[in-house]
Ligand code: GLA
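Below, in structure tokens: the form predicted alone, a single chain.
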């Protein structure tokens, strides 16, 4: 991966990079749409990543290049206008660092080129991977000394304000704070977190990603609508966030909420409980025992939150019928990927069963691949290689 980023850097800027950073994507084991409702989530960093090759400049210019398009984009620290497209993410990080106390008048520009193995639009958070890789590069270039939870908030701020996607902070926490064979158990209200061992290797399990290739975009459409519906539910219940609501309160307020908002709220409340139950089950019985919680999570997203699509439902159903311990859609929904917790020895057969089922249903062929929980974002080296 560093070689691809280095080649892109040399092609765009005609020089060698000074160093490399990596930002992993993430899969969410359980806890969907709970993050912006101040709830609980359990994501993990994956071994699909964005690598950034970088070098300092002596002026105030920022130049950005990527393997997916020729040439480079240019910005200036004295008149930072992030604009749209992929460059809005790294430039948004630059802007957001200023919001978090970094003196942008005292730093110099930089060149940065990125390559990626995180599928775009697959629900594996290529955006957080890009933000994290950029943050790691700037810790090196600018000697930024923020702790990782604060860096996660920087990435979220960039995405919310500059990109315009109303996401929570889960993705950035996973990308920055992940650990080998572990997930990040995050309380999105307090931002307290704990690294929880998954124990997949010892149990002979793997995580199979089924990328439906049904693309989604969080900056527009259904994601924002679901967030608005959750906010309406909180308003009607007289609370600051749905984190404060119990299941009995939801049932008692069913008529007040109306059918749609009631089901949205019910998903958040029950999903928070499933996250807590998953963490407890992992600690007491291990990953082989969490399958029913994953299945229940998907059913809730399908029926109550209504963010699944037929391709995701088929992927989950076929994976479970073919030997998966459990499966669910992951990410914001309306497309993207499902994850299945599978016996590693059966992963290929389960993936093939899903591919065959998609063909029989007349759907475009999905991409299937394994991901492994890995360490979070970091600087890879401080010299070109």
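Residue numbers count along the first chain shown, from 1. Predicted model, so just to flag it, every value in this text is computed and none were measured.
Note that the form predicted together with this ligand isn't included here; everything after this is about it.
Between 51-59, 26-34, 350-358, 314-322, the stretch whose residues reach within 4.5 angstroms of this ligand in the predicted complex through a non-hydrogen atom is 26-34. By the criterion of a heavy atom within 4.5 Å, residue 332 is counted among the residues contacting this ligand in the predicted complex. Interface residue remark: residue 167 is counted as part of the site for this ligand in the predicted complex, having a heavy atom within 4.5 Å.
Using a 4.5 angstroms limit between non-hydrogen atoms, residue 223 touches this ligand in the predicted complex.
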